[in-house]
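Just the one chain here, laid out as structure tokens, in the form predicted on its own.
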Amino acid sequence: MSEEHFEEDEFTGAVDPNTLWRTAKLSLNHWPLMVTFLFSVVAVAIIENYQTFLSKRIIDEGIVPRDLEAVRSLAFQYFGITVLLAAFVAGFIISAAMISHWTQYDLRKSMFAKLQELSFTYYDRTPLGWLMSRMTSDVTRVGELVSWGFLDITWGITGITAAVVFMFIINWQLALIVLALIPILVVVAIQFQKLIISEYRVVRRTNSKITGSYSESINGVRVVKSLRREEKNLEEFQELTTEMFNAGFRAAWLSALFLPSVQMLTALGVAAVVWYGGFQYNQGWITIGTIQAFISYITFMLWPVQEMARVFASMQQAVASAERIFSLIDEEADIVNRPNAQKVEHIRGVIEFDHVDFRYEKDKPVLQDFSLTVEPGETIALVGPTGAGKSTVVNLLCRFYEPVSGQIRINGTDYQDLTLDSIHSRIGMVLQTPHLFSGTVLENIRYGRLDATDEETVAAARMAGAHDFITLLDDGYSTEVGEGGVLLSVGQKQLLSLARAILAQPDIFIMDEATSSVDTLTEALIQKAMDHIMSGRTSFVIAHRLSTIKRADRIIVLKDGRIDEIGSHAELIRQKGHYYNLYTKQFQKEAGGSIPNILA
């Protein structure tokens, strides 16, 4: 996926009618609210224009002829329709707000559901920031478009149409003068709004760069000072702030010119009406109330035109947000269940990798002709240099990805004929970088099996060696771990992650460099728990510290995506090949130079 796909501020394409229609249809899911909304908005536009018409009658039928009874009667009418107006205003505000909230709710729900379905390949090529922006700012923008934006457009069109109708009823000649002014107002307003939004896009884009500069400078302050980059960083930051200031100044200047420009055009319209209306009044063809009504109608039209111009100018950006949202919702998962895929309760048979090839990118193979048969209950260790394909093997086993060619079978059945849920639910995995979710210690362990009792959860923690440190926490198992487990150490998070895997009671257990970032004491606890959970289970262990895999049934040495060596620890040591070199160098480093009996 290209970088341009993720740059929301750079969107300059034309509004796609299909996307616009699909966006509008979002509100049809809540048609009772939409009907209330439309009826209320149209009623408000008509009533506001009728108020002006009533004002004309009050002047012509009551004030000028000094008819107090007519003034009193028309004033009561005016008060009555004002109360009615207030009710309809409340109706469209409530319905518009509800449409906005429901639309955003529906979109976020659809996107979140889609994110649960998508394969790892999608996340590999899609930046996290892009996804977060879709769920937040883009959803808000679309919600506002289908509610408040639609409200402004509907109110503006209905209001202007109603005003024109009333003006033609009152005096068609003056109405033609005003009608000629409307297109000019619309064109000027839209052009101004386009220029203003263009400058604000520059402001937002530059602000993102400034935020990134802040973050890099703060996080990398030691590097900045050690390399004496302060002055250069300040120069670069000055350029960014200057760019943002200039764009903000231009936007403010255009905003300052916008309203006076529209008001000047409106004033010209008022002047034309007063001049020609005065002529007609002197001829006895119209009344004072007519001139007053036309001036009110012209002034009234200023606001709908201004709001519609703002909506139309910003619609391009809102529709671009909708396009990005729909592109996520329409995304097809690379890995899906085959028709009639089997659901199995347990995975305890032989696992076979049969001439498997795999690549993340075209022309960049990761695994080549990989074949391996794993017996039930066997522990397989995977070692090799970075990029050799160790994690890819377990990712394929978990069916996070699927082979480009070749086949993976479980108990003689192609695992693509099994449901994804059947495979995922029977695998327990502990990663190098453990991830916890916001909530308590107990909730994070129980994440492995939601129906587990408190007693089962605590038992899993004991088995993982985590119970002792948990009881020392302020609130024990009820202690909040913070976002991502930030309130706990890496070792503590790893022990909870292990307890979570134990509680799930998996058929296949995977340890992916789980001890590489912990201290020696925690490593010993993890190793003890591993010995317990791997007993009788098919297990795969990826380890940087080779001393932790000596008891594996077989050790697979990978190199350039192929099996370079295979055998037990003792067998590989006797062969004195690649594994022997890796182990002796690591052992010598840890032992401080001496090499005891490495066959032990």
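Position 1 is the first residue in the sequence shown; the rest follow in order. Just so we're clear, the structure is a prediction, and the values are computed from it rather than from any experiment.
Same protein, other form: the form predicted together with a small molecule, not shown, and the subject of what follows.
Colleague: Given that the small molecule is not shown alongside this chain, does residue 150 nevertheless sit within 4.5 Å of it in the predicted complex, heavy atom to heavy atom?
Modeller: No, residue 150 is distant from the partner.
Colleague: Just to confirm, residue 377 within 4.5 Å of the small molecule in the predicted complex by heavy atoms?
Modeller: Residue 377: no contact with the small molecule in the predicted complex.
Colleague: Is it the case that residue 277, even though its partner is missing from this view, gets within 4.5 Å of the small molecule in the predicted complex, heavy atoms only?
Modeller: Outside the cut-off, so no.
Colleague: Using a 4.5 angstroms cut-off on non-hydrogen atoms, would residue 330 count as touching the small molecule in the predicted complex?
Modeller: No, residue 330 stays farther than 4.5 Å from the small molecule in the predicted complex.
Colleague: At 4.5 Å by heavy atoms, is each residue in 360, 385 and 391 next to the small molecule in the predicted complex?
Modeller: Heavy-atom distance to the small molecule in the predicted complex: all three under 4.5 Å.
Colleague: The small molecule isn't shown here, but in the predicted complex which of 366, 318, 265, 481 has a heavy atom within 4.5 Å of it?
Modeller: Selected residue: 366.
Colleague: Within 4.5 Å of the small molecule in the predicted complex, heavy atoms considered, which of 475, 124, 345, 468?
Modeller: The option sitting close enough to the partner is 124.
Colleague: Look at the stretches 179-187, 104-112, 444-452, 391-399 and give the one with heavy atoms within 4.5 Å of the small molecule in the predicted complex.
Modeller: Among the candidates, contact is made by 391-399.
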